[in-house]
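So this one's two forms of a single chain, laid out as structure tokens and tagged structure 1 and structure 2.
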Structure 1
């Protein structure tokens, strides 16, 4: 990964574009632009949070921000253009510089090179007395036991070897660049071919379509999902402990699968993944009422009814009533209430709201029940209606996604880590060993080396190799 010169392609129209996209300066500029715009994106509230913020802006600032998509900038066209440019830049840079790395990978340095032995430290050379004999063979055997590729060259007075390992280290950086490319492509595939949706399912109900995020539209799923049960558990402190939805998947009305999902434990059905995301409650269908009948003696009758269900006969058979509507929290402060419609045998239907927390409402709005017949629970004499319980049902909020890009993204992540390990912790090492016959009947062994990085590691390796060769050739066992 040392400095490389850019390979200039033939002088065509592609020329300047290629030069533009193969420049490291472009990389730096794009990275700075992406960093600054990303920072802006963390400071300007995005998407849902943007609404409140936008109201505080003056109109022309708002129009400017909206025109530049600053309220959803990570999905804005211009942001994707920068990401796309970075992808192209990465690819072109890698292709442009690849031949250099390929050359280094393929290169077969001569065993007889002089240059590595210039300024050789003294401790990387030693003498062996006597005839050369089988010295060359023993040196070569040791080198072959440690290095995959060993080349030798011999003449009358000199034997030379070149050994190397870690040639593949040159490709580590391409593995990393390819991994970034895979992740970006995976992200693009996900954003074009996948979807992110959302759906609330009330306990006991079935849905067959979902709302697509950031688009005002619904999408059919092609199958049905029923929420059989939603359970929320709390710790003693009141903090939530667990959310769970029991889901049933139906295809053409037939049960195809039953799965329970929790936060961190989604489930997949026909390529669509369902995540436990939120929950809430909605009025149930059953309403519990007490009907108090004035008279002698007064009587109180508990009555159950269903919202928009069948009419219920009054205890004194004066007529029938129905629950027409329900509100879990009337006007946001008045608590649960139901709209009752009473139809006497002779006369018109009358409608009025009946509250659950009568005392609290009266305290807050004194006289409210007397002044307004629509809010008077005793409007139909001789009865007074009392709401005792409005059953509520949970609904589960599910995030519903399909992202065909995910496998590519994970493959990219895996490749990136592998690439880092190769790039940072492996190096291409060349070792040269030379055996010379010198005048006074001795043999001189010299060891030199070169490494693509980690000079300290190379030094240590040379030191060990020299020591091992010295011990082997001088038959010393110390």
Structure 2
């Protein structure tokens, strides 16, 4: 933050507000608050990831966190207020101190100033014998070859020059201020005008709306997205190695773009960014069953049925059955299962679940099939239903975001880098050179300088300039 003289309006109320928001202490306080809350936001799971964490909290702690929006603090009103206050603070600070920096930028020190030559080290002066002749011209030519701004003042016995470079170093801090301002404004625009959502698209299907996080509502996209293909590769351990979605974007039913996305390789369409987030499987439309009929001799009949499709007649003509529902992983641990509804010619419909991994389920839950008729595949005698295959299809889980503030944030990041370069690697240097006619027909050349920062760099520059002038004016080539 630039430490310069404050310029405040005269009106009392405006004066108070101006002085409040132009305070560097306020900047430090806001930065500390935002840093602490950001750390809290990193430690406390946010949005969807907060569900599991929230279930482990006591009721009163949960109510407190919910009241303070700690499960989505980056969109909380109080967090936005802090961001807005910091934005105003930076803007007011910059405006308040800019006139002083502008004055330093435009200031033109006199070439005849004496103060820079006070207590001048001996190595920054040397003598040139003989008539001055073209010495002033040679000195000025050398200075103009190295500095853009050179001013001279001459009389009969003295010639003085002032040269400078790096005047724009005064604006480095304002570049940093402006970059932070752009980043904050970009963040606020994204917070108010953007959205974060998600959608699952089954392979081969098309969607035109997404679920918006935190609003418990859906939002139309204005176009359609179709998942043409989903591919997942696995390591030998069974862990997913890579998964990819081939998407087609349609506008008014016409194909507008075809894109492939992978993890960390999102794609953007009409300002909306799609990230590969997750995947899963969902039952397909077909079920393959074996119907084992007890008797002498027993018989096994393979049957293909459609989920919620037409009824299928039992092999013995006792009635019909339908596949009412399917679950790719019952209760998360029991594997694929289908709900069968058997309607005999005489009697009421009977419903029961048929598992594909019967042995594994029985081993994990001993006696489960005998204790619960709805889990007994042999509930309708004399048949035993065996699920041999449940067709499944992959769905791709996409995170869908739109953040209109991103361009401003990127512009702010690049500007911040430029601001740091100007602030830390550039300095405003003033150089004074004086040529005096002294006694005994000799001429004395003195070189002085001043820098806004980096005194070591200034010292080296003065040493180099003194040496070059000495060699030039004394016609030495060493």
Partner chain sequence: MLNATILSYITFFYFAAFLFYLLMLIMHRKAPGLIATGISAAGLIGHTFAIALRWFESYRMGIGHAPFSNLYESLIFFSWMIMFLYLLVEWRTRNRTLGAFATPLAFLAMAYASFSPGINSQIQPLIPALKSNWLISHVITCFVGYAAFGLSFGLSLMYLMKKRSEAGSPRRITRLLPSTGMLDELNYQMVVIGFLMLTLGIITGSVWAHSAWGSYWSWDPKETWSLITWLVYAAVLHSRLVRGWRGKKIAVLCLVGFACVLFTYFGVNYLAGLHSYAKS
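Numbering follows the first chain given and starts at 1. Just so it is clear, the structure is predicted and the values come from calculations on it, not from any experiment. We call the rigid core whatever largest set of C-alpha positions still superposes within 1.5 Å between the two forms.
The first of the two structures is the form predicted in complex with the partner chain. When two forms of a protein are overlaid on their rigid core, residues whose CA moves 2 Å or more are considered shifted, and residue 167 is not one of them between structures 1 and 2. Residue 37 is among the residues whose C-alpha shifts by 2 Å or more between structures 1 and 2 once the rigid core is aligned. Relative to the superposed rigid core, the position of the CA of residue 318 differs between structures 1 and 2 by 2 Å or more. Aligning the rigid core leaves the CA of residue 333 displaced by 3.8 Å between structures 1 and 2. In the rigid-core superposition between structures 1 and 2, residue position residue 364 carries a C-alpha shift of 4.5 Å.
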